[in-house]
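A single chain comes next, written as structure tokens; it is the form predicted on its own.
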């Protein structure tokens, strides 16, 4: 795999994977064949995470090649990331809780030498568990892991190494090319047995042996009898989504963020006269694969937006946006709605500053999110059963009879 942070590279990867997106994917998707062979999975997540390519166009491309029945497993995998985002969007307090716990644990690393040494051995890939140490190296060197390896990794971190899951989630977030707050935080909670209380995921040597084609066989090294983690109960009421905003007709500026870097497909009604792009909000280490991908993706989006709309694109810090917008002689800036996380927090601060100046920030919600986020009220099954309806409403399956 070459992780090239451009829309063109994402589309090329999609085209290369399409022949295998049907029954072949369903049969072979759980195999981690190693970093030299990703032919059995799409590996599209770094591009999808930033919407260099969109869920709608990926699903439409797959359904142009395979029947809905044959492509069911792959389409569900695309929807999992949306499910996590929708679930967190309806319960934003969960991320605040995680951030507080993670911050406290990082401070504890400075005080607790024993915890710090165990954490450092795991983060350096020096545990003596060959599969885990190899995945650490892959994560640091490439910024990506097979989904099955991510589950094994998290389980070993929590149940075999006995390390706090919050520090593992933070480690992933620093290194993964495709890390987003919802998928990362909630997937680790799921493995730990906290997302669905009492139901955890245990890495087992036989499963690793079989699904890595014998590359790893950690028999006798894993805790295969661990019980799920628990935590103090805390009510997380579902907060209904606010109505999607609509853009007023008239001149406007665009604001690009790392959450959605395909502005050519936004449903715009006004004339675009200026474009700003927020600097990357990644927490990845400077120079790491994740940081380089973020920077390259922003550059690619700026180039495409300038060509598409015919106006220059400027990198503008969040605190400078009101002055920049005023300098353009505009009072409306349009962006794509960012799901709960760092960028959403930045946009709230931007909106407050603009309001003081008599200007407006309009956040557009994509139809894919509008239809699926509200369905993330419980487990994935509830959302999964509505996917055929969503695909029909969006017209993504050219061969299907219209249902609605």
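Positions refer to the first chain, counted from 1. Predicted, not measured: the structure shown is a model, and the values here were computed from it.
FYI, the form predicted in complex with a small molecule isn't displayed, but the following is about it.
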query	finding
One stretch from 268-276, 70-78, 111-119, 98-106 that, in the predicted bound form, holds residues within 4.5 Å of the small molecule by heavy atom	70-78
4.5 Å heavy atom contact, residue 364 to the small molecule in the predicted bound form	no
Proximity of residue 45 to the small molecule in the predicted bound form, heavy atoms at 4.5 Å	yes
Interface membership of residue 183, the small molecule in the predicted bound form, 4.5 Å heavy atom rule	yes
Exercise: residue 187 in contact with the small molecule in the predicted bound form, heavy atom 4.5 Å	yes
All of 41, 145 and 176 within 4.5 Å of the small molecule in the predicted bound form, heavy atom check	yes
Residue among 135, 172, 165, 159 with a heavy atom within 4.5 Å of the small molecule in the predicted bound form	172
Option touching the small molecule, based on a heavy atom within 4.5 Å in the predicted bound form, out of 154, 255, 88, 321	154
